[in-house]
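Starting off, we have a lone chain in the form predicted alone, written out as structure tokens.
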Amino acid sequence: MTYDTQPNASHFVNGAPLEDATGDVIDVIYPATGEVIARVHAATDAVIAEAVAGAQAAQAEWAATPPRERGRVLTRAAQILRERNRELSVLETMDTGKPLSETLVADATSGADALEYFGGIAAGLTGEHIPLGRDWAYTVREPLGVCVGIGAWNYPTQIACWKAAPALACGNAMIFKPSETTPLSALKVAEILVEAGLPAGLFNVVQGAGAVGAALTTHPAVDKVSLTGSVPTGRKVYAAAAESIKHVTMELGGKSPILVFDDADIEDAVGGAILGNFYSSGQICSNGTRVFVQKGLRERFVARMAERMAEAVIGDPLDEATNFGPLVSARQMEIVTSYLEKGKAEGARLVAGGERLDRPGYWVTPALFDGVTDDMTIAQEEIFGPVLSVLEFETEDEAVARANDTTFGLSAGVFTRDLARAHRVIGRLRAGTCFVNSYNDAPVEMPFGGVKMSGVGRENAKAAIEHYSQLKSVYVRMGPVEAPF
């Protein structure tokens, strides 16, 4: 089946598609075959200027719009996303290579959840009254202004909505720059928002790589930058935003631990580790790629994991029977294969997978390493691919200490039937988003984000409101002013 993946224009600015063919060409490649399926142009200075000016003009009026009406627009957009889930999911699969069986349930649908959630709470974003005897004070929650969202390539639709929904609910405008690797889906989100009634200029999409991101991050009219990406990119964006004291949210990488105790349900633990290592071909920032398994269960865990990995269906991502797809790009495939070689060279035992498939596209089978030690490269560095490392431990204290021995702190998981231990261990793990007898759930009602090098701020839930608004405090004196002279 042939799909038309070429967008009407490279950018979406001021409520309409916008093209400027003088920008650098960006090839959009279908990861399953390596074929070019679309071409867009990077934003020029003129495109960026138009997007910023449009966002500034639209934001003032949007901030004055009753919050209930802002919420209605987001809720209508959520409904449209759900109605068009299949076509949006097909585009997401073509853009990212993720299997359609996954994108149908995890991408546009989660984007719709975000729009619906923040649309629902928009009217309740109030300040508070503070009694001070005869006098009193009150707070007003105000928008920040023009926000910039910089997306990653693994969840382009979801990330666009995760950033747009709270920003718009709070009365901001947003300029969104998708990853240059997966630039197509955000354009559809922009179209749907306008169709739902969003005034022109409030959600603009501009394409480009690091230079475009840098231009947006340093623009004097931009008030907030929200990035989903790697730690090296986060350092650059954070430093650039700091020059003009912009608000920031940084959702960065991780090397997250999953702790599996002897008494865990082995099927649940293996299933959680599969979700934490092989979903989206392992290309998820919160993945639990260091799987610490207690000594008494390790051999059975590894054997059962290998059995279930053999059940992976690796095939055409557009076939709903497929549940494991290619890596997103040739570059990512090179990175993953280099880590596989490092793992073997440093003495880890490759139990299953880790093969480069002889077919077009960027295919590497899910890999299971046993006998991994804390000092190995595959246990230290974020791979962002389907590479699971099993590390053995004996005691709870040992597991916690080793799990925390990392500069990252995005996620962590614990599998045990002892719920007292589960909560005790979670309380000791230094990570921002944690799971008990589960892994990688991301409902919009729950804040998402990390600690340490894994980021700053939170996305989703009521916590996101704090990062897309600011409080104005007002003191009201009800009697005469007393002054010394």
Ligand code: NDP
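Note that this is a predicted model, so its numbers are computed, not measured. Start at 1 and count along the sequence shown; that's the residue number.
As for the form predicted in complex with this ligand, it is not shown, yet the points below apply to it.
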Pick from 396 to 404, 262 to 270, 205 to 213, 345 to 353: which stretch has non-hydrogen atoms within 4.5 Å of this ligand in the model of the complex?
205 to 213
Within 4.5 Å of this ligand in the model of the complex - does that hold for a heavy atom of every one of Arg70, Asp223 and Tyr468?
no
In the model of the complex, the residue from Leu391, Cys285, Ile378, Leu144 with a non-hydrogen atom within 4.5 Å of this ligand is Cys285
Which listed residue (Ser230, Thr337, Ser101, Gln79) meets the criterion of a heavy atom within 4.5 Å of this ligand in the model of the complex?
Ser230
In the model of the complex, does Glu251 come within 4.5 Å of this ligand, counting heavy atoms only?
yes
Wondering, does Phe448 line up within 4.5 Å of this ligand in the model of the complex on heavy atoms?
yes
Quick check on Ala412: any heavy atom within 4.5 Å of this ligand in the model of the complex?
no
When the contact criterion is heavy atoms within 4.5 Å, does His219 count as touching this ligand in the model of the complex?
no
Residue by residue through 133 to 159, which ones have a non-hydrogen atom no more than 4.5 angstroms from this ligand in the model of the complex?
Ile150, Gly151, Ala152, Trp153, Asn154
